[in-house]
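The chain below stands alone and is given as structure tokens, in the form predicted on its own.
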Amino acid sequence: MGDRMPLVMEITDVVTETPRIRTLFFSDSIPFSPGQFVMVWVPGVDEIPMALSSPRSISVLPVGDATRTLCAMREGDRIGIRGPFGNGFRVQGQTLAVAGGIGTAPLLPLALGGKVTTFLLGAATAPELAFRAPLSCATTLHVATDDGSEGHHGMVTALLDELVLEVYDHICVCGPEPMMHRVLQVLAEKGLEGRGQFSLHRYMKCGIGVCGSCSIDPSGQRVCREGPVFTGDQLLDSELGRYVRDGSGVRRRFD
């Protein structure tokens, strides 16, 4: 697929994963590595970066104009796809995955490919635990919910205390950035930050490393080219968990 011109894809199926998350299946498969992303063109609205949840699907949580439009699409509607871009998760041996909310999507193909030993899945409530059924068949699954309606009552990061992290060769993480920052802190306290692989989401304009809008402090690395997956030692002194930038470059701090 081309870097610059989107390939038009027809939506062939829409699956409701949770009360808010929808998976859109499209007409053509895209060869990719789990963790890579595509630029999704929503006609008349915007073009945004999204992780692939399978070779022919994206999974969407409505948080802005483009994602709300995507969640409202039906069979026969069309979108444009550029990519895939960036790097993916690189694992072998024992692998732990930690996901929160829609952050489960880029980790799903890794788990379904038999490359995840243990999977920690978090959400606000039990109905929001995305992809729980397929994950439970593919890996050892532990869940946490903020309201205690399923599994551990509290943040998914608390489940790390129940594991011997040293046995894992890789710890792959995606989800809300404060959650990812907490995982990095836990790994750093044990000297394991180099085993962490964190999938970042940043505002992107081009997706091919030209505009620099997705560069992160202080290294200047571009999420679209050097990422979106970074190792923990690359992120220890970065903006992870501290702030992101909007389309004009203005910082927005995490509470």
Partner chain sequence: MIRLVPGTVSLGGVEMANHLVLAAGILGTTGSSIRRVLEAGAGAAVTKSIGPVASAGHPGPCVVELGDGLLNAMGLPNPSREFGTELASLKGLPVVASVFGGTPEEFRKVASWFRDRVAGFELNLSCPHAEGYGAAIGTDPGTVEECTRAVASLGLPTWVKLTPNVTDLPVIGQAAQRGGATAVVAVNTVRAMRISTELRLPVLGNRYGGLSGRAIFPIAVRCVYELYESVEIPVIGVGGIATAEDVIEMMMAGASAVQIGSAVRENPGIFREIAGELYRPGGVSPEEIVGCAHG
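Predicted, not measured: the structure shown is a model, and the values here were computed from it. Residue numbers count along the first chain shown, from 1.
This next part talks about the form predicted together with the partner chain, which is not shown.
In terms of contact with the partner chain in the predicted bound form, the residue from 131, 89, 168, 85 that brings a heavy atom within 4.5 Å is 85.
221 is the sole member of 33, 54, 69, 221 with a non-hydrogen atom lying within 4.5 angstroms of the partner chain in the predicted bound form.
Between 74-82, 90-98, 136-144, 108-116, the stretch whose residues reach within 4.5 angstroms of the partner chain in the predicted bound form through a non-hydrogen atom is 74-82. Using a 4.5 Å cutoff between non-hydrogen atoms, residue 206 counts as a contact of the partner chain in the predicted bound form. By the criterion of a heavy atom within 4.5 Å, residue 61 is excluded from the residues contacting the partner chain in the predicted bound form. Using a 4.5 angstroms limit between non-hydrogen atoms, residue 187 is distant from the partner chain in the predicted bound form. The partner chain is not drawn, but in the predicted bound form it has a heavy atom within 4.5 Å of residue 225. Residues are counted as partner-facing when one of their heavy atoms sits within 4.5 Å of the partner chain in the predicted bound form; in 12-41 only 41 qualifies.
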